[in-house]
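Have a look below at one chain only, the form predicted alone, in structure tokens format.
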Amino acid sequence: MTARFDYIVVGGGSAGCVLASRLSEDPTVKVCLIEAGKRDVHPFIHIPAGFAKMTGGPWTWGLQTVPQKHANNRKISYVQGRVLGGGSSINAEVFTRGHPSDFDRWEREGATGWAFKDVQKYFLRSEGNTILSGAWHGTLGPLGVSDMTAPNVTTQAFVQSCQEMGLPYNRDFNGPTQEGAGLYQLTVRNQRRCSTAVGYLRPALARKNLTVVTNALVLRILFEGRRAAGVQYAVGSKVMIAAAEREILVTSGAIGTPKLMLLSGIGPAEHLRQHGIPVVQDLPGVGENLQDHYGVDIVAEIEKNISLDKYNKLHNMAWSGLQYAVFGTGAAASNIVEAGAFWRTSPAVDVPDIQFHFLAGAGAEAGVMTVPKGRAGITLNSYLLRPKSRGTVRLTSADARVDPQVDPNFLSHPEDLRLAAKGVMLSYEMFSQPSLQKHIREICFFKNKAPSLDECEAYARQYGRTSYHPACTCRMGTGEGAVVDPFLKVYGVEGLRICDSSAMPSLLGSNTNAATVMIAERTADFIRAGA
């Protein structure tokens, strides 16, 4: 028997939870949310510091890139959430929205009506800030946002070191000025992670018109002529069909969304034919234009065990767990990535073109150089905000259970490599300022010797990684390469929209989660208005 709904949302990640919640506010419509992963019940999801334990295992898709020919032919782990809440359930909870000029650029790139003046109200609608308010912040939204309660002493030293280097102190990266260094605000409410599964979906679960299906892999979208009419999905070995009377909304992320489009016959016709998939709509842009922030970390060993690494010891870990359970404070209440900065690689650049994330510990990121066992450290990550390298997502099989081929093509543009190297040099300089230097025993790899640009380029090739911000693989716009129009409707078919980070025309100059939530909020308005 086929279940029938008005709207089917495919993917229960950051955007999918928003849409399922907003659309089901109307009691006259039936909404179904289908998620491939599990419910967000694991305690590590909800403890801020737990993100370091969530970047592998059953809560992700376990993806790897193809060998990156400009990054020493390394296969790079490519973490994507596979759980209710998606990336918002496993990320580092950093809340940044992007520079206003990013959205003005989107409009110039063909996303008519997506300038900052058009989207700002959706950021404010989503935000439930417990500290900041006024023209730049919302206080009533479902997405809880708050300050770090008690930053580590090394985090405070980092912010001071940035000021010693000439960066201004910035209290609010989402205010009138992005530039500077400071503590990040977090998607945390009452010392617990506020993912979209928590902030948006959980209050809606009691609604009789909302059905949530987990552990369900959508195999393909079903068409009646040119209209998207339903989805075929599998729960274990059982294959089922759900029908959509009005629309299907795809929110499976920058990797999962193009994969599903291709499996369903929407994409480059020749690629589809190679896999024996009947062509529903020849859209060459599907799976093209993959953009991501290529992060490069440097690590320093510190003299005394004062960073969060001291909680790697069992007795300290036990105390931290007790402190968090009773008071909601202590190391477990930290997101580890406590502070950061937005800066310019050159005075000639108009807006910040590089971002830093300071981690009050070492070893939190898989595959990153760390300190000797038993020692404590700190980590500083940098990445170019608007890279010029472009990659692809392609099928390796017509079987939905087989991973796609993910090729971010990192560092393929020479300028990306040059600026990544500058980021390493700036990171080294930040570590070398008095406030941090007094704590540092040795900056790993560089042995406390300032590196040359060539050395930094070699280091970036060998140690860079994804920053978990893939986007733009089904880009919004007009003309050649566009996949969806400015109302997020897929070109050439009816009843189908793409409403996640894959629809971004180009990559934002910040973390991407808040903007993904904004896209979903705006899509809900489009649907309710019949746009």
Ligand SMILES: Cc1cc2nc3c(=O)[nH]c(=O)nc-3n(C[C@H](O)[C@H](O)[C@H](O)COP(=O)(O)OP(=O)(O)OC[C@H]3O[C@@H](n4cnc5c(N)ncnc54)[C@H](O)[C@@H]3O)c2cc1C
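For every residue, the number given is its place in the sequence shown, counted from 1. Quantities reported herein were computed from a predicted structural model and do not represent experimental measurements.
In what follows, reference is made to the form predicted together with this ligand, a form of this protein that is not presented.
Quick check on this chain: which one of Asn91, Ser264, Gln291, Ser382 has a heavy atom within 4.5 Å of this ligand in the predicted bound form?
Of the listed residues, the single hit is Asn91.
Just give me the single entry in Ser161, Ser252, Ser334, Thr154 that has a non-hydrogen atom within 4.5 angstroms of this ligand in the predicted bound form.
Only one option qualifies, and that one is Ser252.
Since the chain is shown here on its own, which stretch among 493-501, 65-73, 480-488, 22-30 would lie within 4.5 Å of this ligand in the predicted bound form, judged by heavy atoms?
The contacting stretch is 493-501.
If the criterion is a non-hydrogen atom within 4.5 angstroms, does every one of Ala181, Gly340 and Gly423 touch this ligand in the predicted bound form?
Heavy-atom distance to this ligand in the predicted bound form: none of the three under 4.5 Å.
Although the partner isn't part of this model, could you tell me whether Tyr468 comes within 4.5 Å of this ligand in the predicted bound form, counting any heavy atom of the residue?
Tyr468 belongs to the contact set for this ligand.
Going by a heavy atom distance of 4.5 Å, is Val212 a contact of this ligand in the predicted bound form?
Output for Val212 is no: heavy atoms all beyond 4.5 Å of this ligand.
Consider Leu217 of the chain shown here, and say whether it contacts this ligand in the predicted bound form, taking contact as heavy atoms within 4.5 Å.
Yes, Leu217 lies within 4.5 Å of this ligand in the predicted bound form.
Does this ligand get within 4.5 angstroms of any non-hydrogen atom of Thr392 in the predicted bound form?
No.
Determine the residues of 496-531 with a heavy atom within 4.5 Å of this ligand in the predicted bound form and present them in sequence order; the list may be empty.
Asp500, Ser501, Asn511, Thr512, Asn513, Ala514, Thr516 sit within 4.5 Å of the partner.
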